[in-house]
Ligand code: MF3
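Given as structure tokens, the chain that follows is alone and in the form predicted alone.
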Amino acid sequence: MIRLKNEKQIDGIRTSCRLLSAMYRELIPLVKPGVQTLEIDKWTREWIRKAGGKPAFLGYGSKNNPYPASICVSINNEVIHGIPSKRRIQEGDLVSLDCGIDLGGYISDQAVSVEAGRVSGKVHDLNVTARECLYRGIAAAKPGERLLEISRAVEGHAKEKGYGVVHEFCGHGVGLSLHEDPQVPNVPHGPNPRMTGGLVIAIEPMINMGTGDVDVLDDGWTVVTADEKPAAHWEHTIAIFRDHTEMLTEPLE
């Protein structure tokens, strides 16, 4: 069931989103070659705590396998849900960061792919295209339009550039819970409700250099490209109003 938000709820979600974007602006410059991904998680957890929030990802999922970190750090062929560890970022890595903050019960969600040092031209072009896919998806998110117009915008641009689009994972409703209805696929399929005032969603293109097919590692979380080629991931939380659309998270590029 889609939960439309009222003005007070959107205000709370907006505040959470602005806080998350502020965190990213401090975090992104720290994502450099030589840094352990576990250090990124520790920094994120402490920053959110000091800001008065809770990491929305920490402990999320099943009781048998809850997500063990405050932020997802996915490198190169890891598409999403990479678990921070002692692994060190290398020169030329493409590092995707995905995080959410629970601020008094209001949830934000945002992702960015960071180029560590000097990446190859092919990796940079992939990252640029993934970001463009996100903004094309946002531009298609208009009151009165159908949800899958977002999907068509994302997939169309990625395919035009020759990239694969992940179809097994997607964007989603957000705000009062981390994952809500509706699903927001990057490839047009499934339910196609009309976007209306009070809808808050996270749009998150996952664009692969090769095939759009993915696998899940034995940890039950990390999603990797099936052909081991790099992937890029970008995400914004947006709100639909009766007469306009607002990005609740802020640009990070």
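Each residue number is its position in the shown sequence, starting from 1. No experiment lies behind these values; they were computed from the predicted model shown.
There is another form of the same protein, the form predicted in complex with the ligand; it is not shown, and what comes next is about it.
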item	value
Stretch from 34-42, 188-196, 223-231, 59-67 whose residues place a heavy atom within 4.5 Å of the ligand in the predicted bound form	59-67
Candidate spot 88, 93 and 115, all three touching the ligand in the predicted bound form (heavy atom, 4.5 Å)	no
Contact test in the predicted bound form: residue 142 vs the ligand, heavy atoms, 4.5 Å	no
The ligand contact at residue 81 in the predicted bound form, heavy atom, 4.5 Å	yes
Contact test in the predicted bound form: residue 178 vs the ligand, heavy atoms, 4.5 Å	yes
Proximity of residue 107 to the ligand in the predicted bound form, heavy atoms at 4.5 Å	no
Listed residue that, although the ligand is not shown, lies within 4.5 Å of it in the predicted bound form (heavy atoms), from 146, 152, 131, 172	172
The ligand: the contacting residue among 166, 72, 158, 103 in the predicted bound form [heavy atom, 4.5 Å]	72
Heavy atom within 4.5 Å of the ligand in the predicted bound form - qualifying residues of 226-242	235
